[in-house]
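So this first bit is one chain, no partners, the form predicted alone, shown in structure tokens.
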Amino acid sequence: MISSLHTRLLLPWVALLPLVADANWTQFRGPDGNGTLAGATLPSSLPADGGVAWKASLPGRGLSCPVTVGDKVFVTCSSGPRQTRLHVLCFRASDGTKLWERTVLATGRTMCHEKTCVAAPSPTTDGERVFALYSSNDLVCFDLDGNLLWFRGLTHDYPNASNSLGMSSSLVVAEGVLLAQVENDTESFAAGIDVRTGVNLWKLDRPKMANWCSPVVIRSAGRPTLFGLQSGKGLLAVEPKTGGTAWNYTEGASTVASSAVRAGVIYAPSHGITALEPGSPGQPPSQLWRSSQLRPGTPSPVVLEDRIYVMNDAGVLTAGELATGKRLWQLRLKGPFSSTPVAGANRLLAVNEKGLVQLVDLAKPEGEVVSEFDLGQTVLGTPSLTEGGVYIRSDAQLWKLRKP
């Protein structure tokens, strides 16, 4: 039994745990999968130097977004003539010091389109471990100090799981289960993996079609946590520990832009944007609204307060009313864009493929670009937002824009 003294010592830390978790950017598009972070803000303008706190050189390319735990920021890269060297790097968030770097050799196929690379999927963390998946279907787990916990070459187990353009679905984790969504036109599957051992807890056959979007974690008060698996067929919600089906939306969805989640409602890139509210177990979700005027391109939708924001392939940012899907305004940015914007405190930050950072004031009646800063390098990965600043990774460097 725990003594009363131990209990008193533990209670303050237990109370702090949700706050610590919320302060971290733990996966692609943030802890809630919607491009925002509670309590984090963006500057009202970018200084002449862009507000750069530090920048660090990277050993290879990557489209993955950085993830953070406390004062540590993790990022993945791939390098070598055939991108067979797979890197995980850890930097100190406060000053950019490289704390450790680990490299493994790819066991799967490293072929991909020249625009993308093997380090396309974003890593994730459960606060104790960092997990990284690559287009070669190599999956690796380190503790936060860089010690290897386990490694799996998924191509060894599933030899036909690949496509000629490259894989890019990012990882998510919930309830001690890591979800890897490996979908293509040959051997397509999703696997729930034990975070401690790297062993499959379950495996589902998935539609045989190329798919580059990422899964989401669906959380809402009073309901069980679910994984949302998106494909061209629609959106399947499954239980993390068993892979059992909770519900299935079958009206199709994007294979590039991923769904966003807020307060248990899923904003799926389906026929524009379709807002779905889960119902009773086994029953399909209720459609709250559908808007063909909110149609994302490559970037995924962002949800902030009472608005939803989508970016099309022409670089047009559209704001919609979250409750109804009504289009409110449109603003053309300087594109093209592959990365998803991040948003906080009535501002949105978007980085185009040429590395031009654009800061949008969302409080303006029609939205307004109020500041720009040119990184001068190719940026295809989504930024990460924390209370201490914004992280942007280019092909050659990791940048931190300081807190306002």
Partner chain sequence: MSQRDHPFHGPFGKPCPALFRSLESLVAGLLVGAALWGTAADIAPLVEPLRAVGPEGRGNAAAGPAWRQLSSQPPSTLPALLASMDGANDISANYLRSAAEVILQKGQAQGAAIPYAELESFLSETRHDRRARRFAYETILAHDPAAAAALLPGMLDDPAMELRRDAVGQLIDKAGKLQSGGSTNEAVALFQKALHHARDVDQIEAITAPLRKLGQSPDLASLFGWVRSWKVIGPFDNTKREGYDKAFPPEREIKLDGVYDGKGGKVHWGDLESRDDYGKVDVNLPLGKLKETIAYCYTEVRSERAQPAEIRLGCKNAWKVWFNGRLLFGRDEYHRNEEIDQYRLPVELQAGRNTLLVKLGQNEQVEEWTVEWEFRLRITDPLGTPLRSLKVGVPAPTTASTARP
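Keep in mind it's a predicted model, so treat the numbers as computed, not measured. Residue numbers count along the first chain shown, from 1.
The form predicted in complex with its partner chain exists for this protein as well; it is not shown, and the discussion that follows is about that form.
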When its partner chain is placed as it is in the predicted bound form, are His271, Arg307 and Thr318 each within 4.5 Å of it, taking any non-hydrogen atom of the residue?
no
The one residue among Val265, Val217, Cys112, Val195 placing a heavy atom within 4.5 Å of its partner chain in the predicted bound form is Cys112
Using a 4.5 Å heavy atom cut-off, which residue among Arg327, Arg295, Arg152, Arg206 comes into contact with its partner chain in the predicted bound form?
Arg152
Stretch from 179-187, 310-318, 283-291, 296-304 whose residues place a heavy atom within 4.5 Å of its partner chain in the predicted bound form:
179-187
Does Trp212 reach its partner chain in the predicted bound form if we count a contact as any heavy atom within 4.5 Å?
yes
Asn248: heavy atom within 4.5 Å of its partner chain in the predicted bound form?
no
Is there a non-hydrogen atom of His156 within 4.5 angstroms of a non-hydrogen atom of its partner chain in the predicted bound form?
yes
Under a 4.5 Å heavy atom criterion, is Asp95 part of the interface with its partner chain in the predicted bound form?
no
At 4.5 Å, heavy atom to heavy atom, what parts of 87-123 sit next to its partner chain in the predicted bound form? List them in sequence order, or say none.
Glu101, Arg102, Thr103, Val104, Leu105, Thr107, Arg109, Met111, Cys112, His113
